[in-house]
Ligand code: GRG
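Here we start with a single chain on its own, the form predicted alone, put down as structure tokens.
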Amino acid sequence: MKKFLQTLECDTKIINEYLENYCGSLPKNTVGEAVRYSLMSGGKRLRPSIVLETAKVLGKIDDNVMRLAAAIEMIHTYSLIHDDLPCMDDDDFRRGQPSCHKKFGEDNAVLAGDALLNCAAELLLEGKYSLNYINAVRFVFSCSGIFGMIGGQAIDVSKTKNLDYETLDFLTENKTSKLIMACVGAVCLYFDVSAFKFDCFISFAEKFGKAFQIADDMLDEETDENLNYVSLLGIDDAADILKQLSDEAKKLIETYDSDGFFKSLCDFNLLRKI
């Protein structure tokens, strides 16, 4: 675990420096400040780290890989800004700080989220073109769009009271797992790996994404008010599924996990407190 945390810290430093440099080009207005505030407010940076570590396994970290990592973090951040809005989950705090709409107002928060999605597209489209890279970019937006993250969020905001396990799984696969699938799948496509290897990484991401969401649900202080794995199954059954998914995810990726990053990622998720 020590090696994993050191790797995560190193990756976080790399991605933060990249994002900080990008933020230097933002306009000096309220929306620009809201974008920078939300993008640089901390966070585990797990998704861009997964991008970087997948690239180490399959090829190397180059400028296009950095663009993929940064763009996925921008997309993730925009989703959090919008998720916190009163019309969505209505959260006043994010990462221990006032959420974007509490600090800058709802109007600027909506625009900041919109801007981050656009920034992600611009950043990716400025990369070095190849067919493989275009396929990777397309995969990122497919995973984050209406057939992915946004589609899952649409179910979430419906606030259905008869949410069954199958629907919850579908919601989680789209709202949470799809963006993690983007992290590994985009890199797989960029380095043009075999279909078998692609499937291994995608299946890993799907199971890890669900495990990540269950761990989040177990940390949710408002579980009784929210429809999630804990409220649906109870804490013990949710914990059992979390462990099972983590074991299955590690098994799927072990052939390509020479440095043990992905195994440790699953173990980290089991132990995390935030």
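Just so we're clear, the structure is a prediction, and the values are computed from it rather than from any experiment. In case it trips you up, residue 1 is the first one in the sequence shown, and so on.
The same protein also has a form predicted in complex with this ligand, omitted here; what follows describes it.
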Within 4.5 Å of this ligand in the predicted complex, heavy atom basis, the matching stretch of 209-217, 239-247, 25-33, 64-72 is 209-217
As a check of understanding, the residue in Arg138, Lys197, Lys103, Arg95 with any heavy atom within 4.5 Å of this ligand in the predicted complex should be identified as Arg95
is_contact(Lys56, this ligand) in the predicted complex, heavy atom dist at most 4.5 Å:
no
At 4.5 Å between heavy atoms, is Thr176 in contact with this ligand in the predicted complex?
yes
Please determine whether Val193 contacts this ligand in the predicted complex, using a 4.5 Å cut-off between heavy atoms.
no
Contact label in the predicted complex: Ser99 to this ligand, heavy atom within 4.5 Å
no
Sequence-ordered residues of 253-274 touching this ligand in the predicted complex, heavy atom within 4.5 Å:
Arg272
